[in-house]
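Listed next as structure tokens is one chain, alone, in the form predicted alone.
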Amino acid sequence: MVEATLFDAFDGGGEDLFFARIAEAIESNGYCILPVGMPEEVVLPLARQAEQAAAAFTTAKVGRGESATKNKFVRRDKIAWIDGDTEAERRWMAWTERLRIYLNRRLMLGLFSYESHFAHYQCGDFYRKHYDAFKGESNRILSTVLYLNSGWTSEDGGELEIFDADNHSLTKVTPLLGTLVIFLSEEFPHEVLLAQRDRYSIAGWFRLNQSVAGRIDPQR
């Protein structure tokens, strides 16, 4: 596990150092946790937007494309996809694009695109243990989670628990404002534990392009 603190510059040398820490952790461990890793000027507008728009979020589904279904026994969060409609979203999308380019250059992952959505867990919500991708069957390569919650304590629950391939717990992540988690989508089952208060985050995935023979690979 690699940890980092809030870096001074969103652009330039500070950002390159931050990206390098992410790449080193992925290469050596397959995942990284960066407590308070993101700059406030990026995180705070996203947090405000999530809280203000939460009433309009829709119930999340399990699966993708036409096979996606709602299942309250698996997950109970509500989501809103990020499409660049606000300045906060555009800044986030620009940052993830720079990270995509850096990781491709450094690790040669062939990442083609990035998709993400806001997630809102109310008191009593959870997401049971799952993979974001299954070996050889998905184009999601790297999963990301950015947390948007101020003053989170252990009593508030809602931690992200990450497991290894043998289902041994590796770590639990407190969903505190500015914390960033990145991991290989096919390698690490994980779950969101029961939240005891409103919990906001951005979940996202760096993807490959598997559109073939005129069939467009669905992103959602």
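None of the values given here were measured: they were computed from a predicted structure. All residue numbers are counted from 1 along the displayed sequence.
The form predicted together with a small molecule exists for this protein as well; it is not shown, and the discussion that follows is about that form.
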TODO: Among 28 to 36, 185 to 193, 44 to 52, 163 to 171, mark the stretch whose residues have heavy atoms within 4.5 Å of the small molecule in the predicted bound form.
DONE: 185 to 193
Task: Every residue of Y147, R199 and W205 near the small molecule in the predicted bound form, heavy atom within 4.5 Å - done: yes
Open item on the list: Can you work out which of H130, R98, R106, R91 has a heavy atom no more than 4.5 Å from the small molecule in the predicted bound form?
Closed with: H130
Open item on the list: So, R76 and the small molecule: in the predicted bound form, are they within 4.5 Å at any heavy atom pair?
Closed with: no
